[in-house]
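The form predicted on its own is given below as one chain in structure tokens.
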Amino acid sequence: MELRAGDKLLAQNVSFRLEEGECVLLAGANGSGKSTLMRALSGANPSFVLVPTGIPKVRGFTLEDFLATACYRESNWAGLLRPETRMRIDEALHLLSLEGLRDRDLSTLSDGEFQKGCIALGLARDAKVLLLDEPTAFLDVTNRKMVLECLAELAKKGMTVLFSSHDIQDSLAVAHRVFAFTPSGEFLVSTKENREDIIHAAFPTY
């Protein structure tokens, strides 16, 4: 398919297959099409959930409130969530080791803890594929490592993860494959063996 942003052609022949339980790095320069591709994927399939990034930690909301609010479409006429939705929220908090923070105000969470909470939001919404646009942006080294290890652990448990990042070296430590937009508008898909070749095609000076 062609990938466009308005009238601008970003890339031609965008084609790929995501496998269950794999973690894939989406690479490319700013404006190359990474965010546009993720929005297109999330809009085309309800089981592809785009995890929010860069949103404020609103004071007065607990982490559990945050997850429940994101699942509002699954509430009944009285505004109560279905039991299966509540169960997914509990499972998401458990999987990401956030159970002890469920009653904490969002404003008191570290940036890394909050980013893990945003990932939990995707799990609470019963995602089959998690899409994350720059999930480690603005995080310090410790929190960046924590979030990337979290993505790798989810993949081990069978979740499919597609994430974009400019933290190439750290991301390659957890990514099975690389999808990349090149400066000439090509879309490239790596194998497990030629990931760095694809990175060099996307960033010739890397």
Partner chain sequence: MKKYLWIVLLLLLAGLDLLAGHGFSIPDAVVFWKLRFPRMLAAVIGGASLALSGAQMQALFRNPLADPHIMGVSGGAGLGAAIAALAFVSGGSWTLAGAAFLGAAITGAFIIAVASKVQSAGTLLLAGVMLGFVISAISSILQYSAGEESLKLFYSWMAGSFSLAGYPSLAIMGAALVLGFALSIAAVKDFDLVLFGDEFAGASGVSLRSLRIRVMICCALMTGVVTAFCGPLGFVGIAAPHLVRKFGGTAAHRKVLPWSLLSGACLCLSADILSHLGPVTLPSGSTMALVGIPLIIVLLWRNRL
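Keep in mind that this is a model prediction, so the values were computed, not measured. Numbering follows the first chain given and starts at 1.
The discussion below concerns the form predicted together with its partner chain, not included here.
Proximity of His166 to its partner chain in the predicted bound form falls outside the 4.5 Å heavy atom cutoff. Using a 4.5 Å cutoff between non-hydrogen atoms, Thr69 counts as a contact of its partner chain in the predicted bound form. When its partner chain is considered in the predicted bound form, Gly60 lines it closely, a heavy atom lying within 4.5 Å. Among heavy atoms of Arg125, some come within 4.5 Å of its partner chain in the predicted bound form.
This chain is displayed without its partner chain, yet in the predicted bound form the stretch 61-69 from 158-166, 171-179, 61-69, 26-34 comes within 4.5 Å of it by heavy atoms.
This chain appears without its partner; in the predicted bound form, the one residue of Leu98, Leu132, Ile89, Leu106 with a heavy atom within 4.5 Å of its partner chain is Leu106. The putative spot formed by Arg4, Arg17 and Pro46 is not touched by its partner chain in the predicted bound form; no residue has a non-hydrogen atom within 4.5 angstroms of it. No residues of 138-170 lie near its partner chain in the predicted bound form, the criterion being any heavy atom within 4.5 Å.
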